[in-house]
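Okay, so here's just one chain, in structure tokens, the form predicted on its own.
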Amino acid sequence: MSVDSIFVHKMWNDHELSKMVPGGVPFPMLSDGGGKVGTIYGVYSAEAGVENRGRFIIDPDGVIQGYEVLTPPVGRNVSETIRQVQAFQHVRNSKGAEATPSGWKPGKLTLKPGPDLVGKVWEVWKTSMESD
């Protein structure tokens, strides 16, 4: 979502994003003309008429699980956003029985939260990174 129109979003997806992400962004882009939603999330600048680059991952219950806010000159990584959404979905589907280490991707090792994990996260992380 941004203050840009749906037409700008279409041009951006068709001429830019689809060259960086095969098939373009796999989710709808919404227009926040006037910055009403951006104001609620604290990323809209009324003086400049633009929003900082905010990414909010919201679960099906409406709870913000992750967010990142960047100033306009710094780009985002759509692949990392998709990876994080997959990680949050995996943790949710496991009902908290599993956690994902840094850089986790679907099919990689997960963590089993509990006292036995203390001091051993690096072992799972290292094994997961070696198999990439």
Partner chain sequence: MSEEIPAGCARPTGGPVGEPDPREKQEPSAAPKEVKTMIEVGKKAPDFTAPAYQKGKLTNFKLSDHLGKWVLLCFYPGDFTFV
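Positions refer to the first chain, counted from 1. Everything numeric here is computed off the predicted structure, so don't read it as measured data. Between two forms, the rigid core is the largest collection of C-alphas that superpose within 1.5 Å.
Below, we refer to the form predicted together with its partner chain, which is not included among the displayed structures.
Chemist: So in the predicted bound form, does any heavy atom of K10 sit within 4.5 Å of its partner chain?
Modeler: Yes, K10 lies within 4.5 Å of its partner chain in the predicted bound form.
Chemist: Does its partner chain come within 4.5 Å of any heavy atom of G49 in the predicted bound form?
Modeler: Yes, G49 lies within 4.5 Å of its partner chain in the predicted bound form.
Chemist: Is E123 part of the interface with its partner chain in the predicted bound form - any heavy atom within 4.5 Å?
Modeler: Heavy-atom contact with its partner chain at 4.5 Å: absent for E123.
Chemist: Answer for V25 alone: is it within 4.5 Å of its partner chain in the predicted bound form, judged on heavy atom distances?
Modeler: Close contact exists here: in the predicted bound form, V25 approaches its partner chain to within 4.5 Å, heavy atoms only.
Chemist: Each of E80, G96 and A99 within 4.5 Å of its partner chain in the predicted bound form, by any heavy atom, yes or no?
Modeler: So, no: the whole triplet misses its partner chain.
Chemist: What residues, if any, in 49-64 have a non-hydrogen atom within 4.5 angstroms of its partner chain in the predicted bound form?
Modeler: Residues within 4.5 Å: G49, V50, E51, N52, R53, G54, R55, F56, I57, I58, D59, P60, D61, G62, V63, I64.
Chemist: Comparing between the shown form and the other one on the rigid core: C-alpha of Q86 shifted by 2 Å or more?
Modeler: Shift of 2 Å or more: no.
Chemist: Superposing on the rigid core, is the Cα displacement of K10 between the shown form and the other one 2 Å or more?
Modeler: Yes; K10 is a residue whose C-alpha shifts (by 2 Å or more) between the shown form and the other one when the cores are overlaid.
Chemist: Indicate whether G114 shows a C-alpha shift of 2 Å or more between the shown form and the other one, with the rigid core used for the fit.
Modeler: For G114, whose C-alpha is compared between the shown form and the other one after core superposition, the shift is less than 2 Å.
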